[in-house]
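First, one chain by itself in structure tokens, the form predicted on its own.
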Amino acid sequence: MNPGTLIAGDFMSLLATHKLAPVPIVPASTAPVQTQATTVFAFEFAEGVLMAGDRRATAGNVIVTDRVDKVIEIDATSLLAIAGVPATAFEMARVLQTSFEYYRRSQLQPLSLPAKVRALARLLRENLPMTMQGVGVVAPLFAGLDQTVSPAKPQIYFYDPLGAQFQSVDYVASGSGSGTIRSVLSFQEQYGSPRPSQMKLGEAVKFALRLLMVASEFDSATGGVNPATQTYATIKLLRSSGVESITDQQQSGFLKI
């Protein structure tokens, strides 16, 4: 696409027209120790999609903080979960938020789900030079509403750091603790009762918290959940009606059920 050509409603084309990169790329021969944010996952439950992440960020063997929110509401019908370098991922989230809102206001209608999915893939591809240098790597998850069916159906997508996009059927995970979480999700889906896709809200939230507890036992970069220290997860739901957040207080209550 010619950078000088502005496509109506395309915020990233507007940035290109003014020679503004959505994710600045600064090559370097040596890179500092990066802050990393892990672990995130999403799965279908009886009422929609649950997306969750622990709150730990690390830099090498140092715990930077246990207060990072890795699941971000992009708009009223879209969620982004970040795994990788938070500085890059948060910038991508801000660009997506602005891009979706810019399209909605300029075209008087929301962006379609396929277009939203491609918008994130485009940002990841534009981040390729940083990814190839081993810095700024992001492997996000995305959930959005397919409004071409009635009622609107939540869909889950995952990406590799190069921008390839894939649609998940039931569940997906990303980050350093994802192997453990995928294993437990797979077991529960095949042999458990209820399966994640059959769980009601309380069961789904409790299951998500326990997934992070298990992952933290095998992965030091996963913060896990610890009610004794009031350390909980970031959990958001995507239903046909839109996005909803599960507070720490609600999580504490569900754990006691």
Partner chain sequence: MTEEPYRWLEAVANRREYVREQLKRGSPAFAASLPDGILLLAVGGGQSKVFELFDRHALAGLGHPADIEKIRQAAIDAAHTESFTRAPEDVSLRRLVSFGLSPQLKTNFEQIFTAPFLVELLLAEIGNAPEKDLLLRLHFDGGFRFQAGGVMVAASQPEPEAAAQAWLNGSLAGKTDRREVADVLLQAWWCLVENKPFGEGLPEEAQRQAGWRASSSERVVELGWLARNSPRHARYEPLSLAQAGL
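Keep in mind that what you see is a predicted model, and the values were worked out from it rather than measured. Numbering follows the first chain given and starts at 1.
Just so you know, the form predicted together with the partner chain exists too; it's not on screen, but the next bit is about it.
Student: So, in the predicted complex, is Ser112 in contact with the partner chain at a 4.5 angstroms heavy atom limit?
Tutor: Residue-level check for Ser112: no, no contact with the partner chain.
Student: Do Glu73 and the partner chain share at least one heavy atom pair within 4.5 Å in the predicted complex?
Tutor: Result yes; Glu73 sits at the interface with the partner chain in the predicted complex.
Student: Please run the contact check for Arg104 against the partner chain in the predicted complex: heavy atoms, 4.5 angstroms, yes or no?
Tutor: Flag for Arg104 set to yes.
Student: Is the gap between Val243 and the partner chain in the predicted complex 4.5 Å or less for some heavy atom pair?
Tutor: Val243: contacts the partner chain in the predicted complex.
Student: Could you work out which of Val135, Val95, Ala139, Ala121 is the residue within 4.5 angstroms of the partner chain in the predicted complex, going by heavy atoms?
Tutor: Looking at Val135, Val95, Ala139, Ala121 one by one, just Val95 meets the 4.5 Å heavy-atom criterion.
Student: Name the single residue among Val169, Ala164, Leu108, Val149 that comes within 4.5 Å of the partner chain in the predicted complex, judging by heavy atoms.
Tutor: That would be Leu108.
Student: Taking the partner as it appears in the predicted complex, which of 87-95, 156-164, 176-184, 124-132 has residues with heavy atoms within 4.5 Å of the partner chain?
Tutor: Of the options, only 87-95 has residues within 4.5 Å of the partner.
Student: Spell it out for me: taking the partner chain in the predicted complex, does every residue among Phe11, Leu15 and Leu20 have a heavy atom no farther than 4.5 Å from it?
Tutor: Contact check passed for all of Phe11, Leu15 and Leu20.
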